[in-house]
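In the form predicted alone, a lone chain appears below as structure tokens.
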């Protein structure tokens, strides 16, 4: 019998990946995928970008590149991040093959089998899979309706400072949609100060805000640039250009970067040069700013349609936070409900979503539902939410 590594034996397929086969069926309305709508991609701008490339640039695009990323993209991306207030010059920037690779590299850099780390509950499934693959013991910090349970975090950190890192997604959390307040971010800094526990700040969604008045809350911990804490910041082009580019980045302190660069060499040597060239031009032409503005408005419209439909169709005992950006709405069912049972009913009606246990580091609580509006046009949202509501009522009552 073949003997796989223990780290592989413990892995399980993601429910989201399993649901993707359903989501492609023409008769299914999908609220499951956290991906941009195909009809929203900047095709005309990307055609213009490619057609503007010189033969030399096209040759560079077809060749291997440096492990850290093409110098042209590192330069233009640095400018993009500096405009967001990030301390680029004090840190080192690396291009990665999607932000999940950045998270994976950081996990491998820090985790030995059995090491304890701190994560939010709920938590991004991709990050959890990476942490599990290295044998991490995940200690989950509850994410409440008002934000992170800071008292719980403080108790854990004060009781044991041997956690290898704290992974969190403060801006439009996946799956909860939460935007941490500026005060909560300051409190996290106070709690973690001089604890020698690095922070991994996952920031894939902050450009997709709906309300300019949230600017203070949107400021990342990395942008605050606190002394006494190593903050490892990850981001992605997936939500602001297209996931098919397979490009993300990490912005980390130099002493952490050195280890991460060595690890990336062993992962894939370098990220795709072809899409790096395209991303670089997309930034330099400033298409990235007009495109983000365009999709931000579209996602806001879709979110508003979904919220209106939820209010019209869901029973009063279902709770949720109204999104202020990002892709997701996190529905809270009555205590003890098994959302997988609702999913089975919903699929029969032609609707698919992601059940809550998928995002629980302890794989226990299943009384939540993640629905996304990003990939679904308004008229389809209006058709699908009543079907979802019917499935919930059949299981939980009117």
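Positions refer to the first chain, counted from 1. This one's a predicted model, so the numbers in the text were calculated from it and none came from an experiment.
This protein has a second form, the form predicted together with another copy of the chain, left out of what is shown; the following refers to that one.
- Within 4.5 Å of any heavy atom of another copy of the chain in the model of the complex lies no heavy atom of residue 210.
- In the model of the complex, residue 361 stays away from another copy of the chain, with no heavy atom inside 4.5 Å.
- Within 4.5 Å of some heavy atom of another copy of the chain in the model of the complex lies at least one heavy atom of residue 58.
- Mapping the unseen interface onto this chain, residue 290 falls outside it, with no heavy atom inside 4.5 Å of another copy of the chain in the model of the complex.
- Looking at another copy of the chain in the model of the complex, residues 152, 315 and 366 place no heavy atom within 4.5 Å of it.
- With the partner omitted here, the residue from 123, 95, 241, 306 that has a non-hydrogen atom within 4.5 angstroms of another copy of the chain in the model of the complex is 241.
- This chain is drawn without another copy of the chain; in the model of the complex, the residue among 46, 333, 28, 345 with a heavy atom within 4.5 Å of it is 46.
- Of the candidate stretches 83-91, 184-192, 213-221, 158-166, only 158-166 has residues with heavy atoms within 4.5 Å of another copy of the chain in the model of the complex.
- If you take 38-73 and check each residue for a heavy atom within 4.5 Å of another copy of the chain in the model of the complex, you get 38, 39, 41, 42, 43, 46, 47, 50, 51, 55, 58, 59, 61, 62, 63, 64, in sequence order.
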